[in-house]
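Let's start with one chain on its own, the form predicted on its own, as structure tokens.
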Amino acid sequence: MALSNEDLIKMCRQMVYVRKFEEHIEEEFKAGNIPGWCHLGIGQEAIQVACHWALRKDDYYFYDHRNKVMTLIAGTDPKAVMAECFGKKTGICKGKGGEMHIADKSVGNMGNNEIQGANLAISLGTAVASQIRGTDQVTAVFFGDGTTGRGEFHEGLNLAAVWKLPIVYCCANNLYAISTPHREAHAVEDIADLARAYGIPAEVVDGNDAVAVYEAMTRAVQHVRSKKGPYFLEFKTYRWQGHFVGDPAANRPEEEVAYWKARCPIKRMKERLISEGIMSEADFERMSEEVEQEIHELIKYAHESPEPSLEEAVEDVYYGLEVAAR
């Protein structure tokens, strides 16, 4: 389905939204207001937003550990996401997931696993369930290029291909697995070639072009919904910062970072809309200011939300079982 002008404006706004959300998360983390670690995906907004436009609310999502902004696009209450990042009781996971382990079954977000690559194995379960029930629900799995070096990647793709499971694999190839460059970890330039080796149709996509991402995801979803088996998308993109907030990313050449920042997905979308007369510079600035105010309201809500009680630490540990506190 072609995107209307209104769709393009909304998609642009969502990209600005997730960028600003993460920028403020970084500020709050550095101020000591967010516990644990902090992982950002700044520079990858086209993938984080546009993939969801080709999916339905009843599909299943398995995110990587930069999932906090992706679940916003899936439909999770932004207040609950921000509060979760702060570890507050009002968070979508009652403050137990933090900024990295956000799950929301009501929108199909099946959560993230600390073990990189585990989602490529676990996601087989929802895909098999859809197959058994005879529904046309799609399971979408998001991961980075570093994950493709793990056994779960190969085991998962092989089984999905053999059983013709309804899975769309979404690989954000941002050139680095923590600090290891892609060229030093893989003998192939395109990870899509690894998927093709298992008989899975695969595409290489400009991951900084939101419209290209949407169009490729639409093709992939149509293939999977028609029960033809899995589909693989490799999005070429770049994460502007290191693996986590505080990682200096000293091994990245300055000219490389500058090259990719010049290809910022938000900048490209903005220029496209302005050049096509869909939006003016003033429209974009006004929209950005509105988003900024919305994010400030979320932060205010998170700061004012209560901390979980000590007694709640033993709740929700095992399904259907109670754990005694000591």
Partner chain sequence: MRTISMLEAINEALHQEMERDETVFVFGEDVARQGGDFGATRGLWKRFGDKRVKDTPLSEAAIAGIANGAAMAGLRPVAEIMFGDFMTECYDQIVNHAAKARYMYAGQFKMPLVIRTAVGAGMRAGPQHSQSIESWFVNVPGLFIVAPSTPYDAKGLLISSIRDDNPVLFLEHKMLYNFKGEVPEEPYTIPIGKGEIKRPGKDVSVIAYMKTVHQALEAAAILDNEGISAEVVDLRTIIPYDRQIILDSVSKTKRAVVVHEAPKTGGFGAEISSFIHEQMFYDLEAPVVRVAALDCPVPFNPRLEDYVVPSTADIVKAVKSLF
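Numbering follows the first chain given and starts at 1. Between two forms, the rigid core is the largest collection of C-alphas that superpose within 1.5 Å. What you see is a predicted model; the values in this text were computed from it and never measured.
Separately, the form predicted together with its partner chain exists; it is not shown, and the next lines address it.
- Heavy atoms of residue 222 never reach within 4.5 Å of its partner chain in the predicted complex, leaving it off the interface.
- Using a 4.5 angstroms limit between non-hydrogen atoms, residue 181 touches its partner chain in the predicted complex.
- The closest non-hydrogen atom of residue 86 lies within 4.5 Å of its partner chain in the predicted complex.
- Its partner chain in the predicted complex is approached by residue 102, whose closest heavy atom lies within 4.5 angstroms of it.
- For the options 203, 152, 209, 215, the residue carrying a heavy atom within 4.5 angstroms of its partner chain in the predicted complex is 152.
- Relative to its partner chain in the predicted complex, residues 43, 254 and 263 are all farther than 4.5 Å at every heavy atom.
- Across the options 289-297, 272-280, 43-51, 29-37, residues that bring heavy atoms within 4.5 Å of its partner chain in the predicted complex belong to 29-37.
- Within 4.5 angstroms of its partner chain in the predicted complex, the stretch 78-100 places a non-hydrogen atom from each of 84, 85, 86, 87, 92, 93, 94, 95, 96, 97, 98, 100, taken in sequence order.
- Relative to the superposed core, residue 39 shifts its CA atom by less than 2 Å between the shown form and the other one.
- Residue 66: CA moves 2 Å or more between the shown form and the other one after rigid-core fitting.
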